[in-house]
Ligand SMILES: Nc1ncnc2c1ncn2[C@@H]1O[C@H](COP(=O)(O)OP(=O)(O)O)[C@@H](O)[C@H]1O
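The chain below stands alone and is given as structure tokens, in the form predicted on its own.
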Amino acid sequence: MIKLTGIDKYFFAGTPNEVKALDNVNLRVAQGDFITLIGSNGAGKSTLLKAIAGVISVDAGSIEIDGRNVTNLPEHTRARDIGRIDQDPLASTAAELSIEENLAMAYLRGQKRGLARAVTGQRAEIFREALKNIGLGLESRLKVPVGTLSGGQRQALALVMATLSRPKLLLLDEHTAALDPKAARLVMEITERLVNRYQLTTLMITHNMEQAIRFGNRLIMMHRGRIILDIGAEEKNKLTVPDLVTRFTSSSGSVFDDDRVLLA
């Protein structure tokens, strides 16, 4: 489903502040993989997802999605095949629009839009059915402004929006990091349910080592722009958090000292 070959990305290139955010990254992702991505701050995780989505361009290498070279394609061209959620609930939804209007925007992602009504009776029924799957009762509140919802409800809605058109790829960038523990657990339950229901190929960044171990069938750890660990399902199921910290130290030659991750 995804093939990354020799990906490099620099920020502030040619200046004293030059940073190599991605350093010769090579990655193969199979159809249906649910990969958790973890690493210390500045490891290159978010940069990697943004490069795949087309939010930023790469300086070297190639990106293929489902056999198609998308390296030089803009973000809006890739949008139809990719569902993406950032960590800020306010960024994934439009507060001033209603639930059904937000869903209509997601439903039409990557399509040409004319002057016809975005929310039709038929589409509203599609939206209700999609919302029933997350079990929060939002299917009876389609005309409610999204700005009145809690952070957890907004991220749950964002998940429905990101998966509504059955994308080839789902990219989750710490989408529970800004939520309280109860809301984060709920959103992760919904995430797992939707990924499994639709067999979505998924890359999920998390700052929580327990989440990284518990969810998905594959775990990748990054450090200084490189992939230093790629752990499959069988080995992953036997891991503990101390095991993962030890593996990081062994593979990177550095001590894992990101308190945000260690204390999560």
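Numbers for residues come from their place in the sequence shown, where the first is 1. Predicted, not measured: the structure shown is a model, and the values here were computed from it.
Another form exists, predicted in complex with this ligand; not displayed. Remarks below refer to it.
A.B. asks: Given this ligand in the orientation seen in the predicted complex, superposed onto this form through the C-alphas lining the site, is the binding site open or blocked (3 or more ligand atoms within 2.4 angstroms of backbone or C-beta atoms = blocked)?
C.D. replies: The pocket is open.
A.B. asks: Since only the chain is shown here, I'm wondering whether residue 46 would be in contact with this ligand in the predicted complex (any heavy atom pair within 4.5 Å).
C.D. replies: Close contact exists here: in the predicted complex, residue 46 approaches this ligand to within 4.5 Å, heavy atoms only.
A.B. asks: Is residue 21 close enough to this ligand in the predicted complex to count, meaning some heavy atom within 4.5 Å?
C.D. replies: Residue 21: contacts this ligand in the predicted complex.
A.B. asks: With a cut-off of 4.5 Å between heavy atoms, is residue 40 one of the residues that contacts this ligand in the predicted complex?
C.D. replies: So residue 40 counts as contacting this ligand.
A.B. asks: Between 1-16 and this ligand in the predicted complex, list the residues on our side with a heavy atom within 4.5 Å.
C.D. replies: Heavy-atom contacts to this ligand in the predicted complex: 11, 12.
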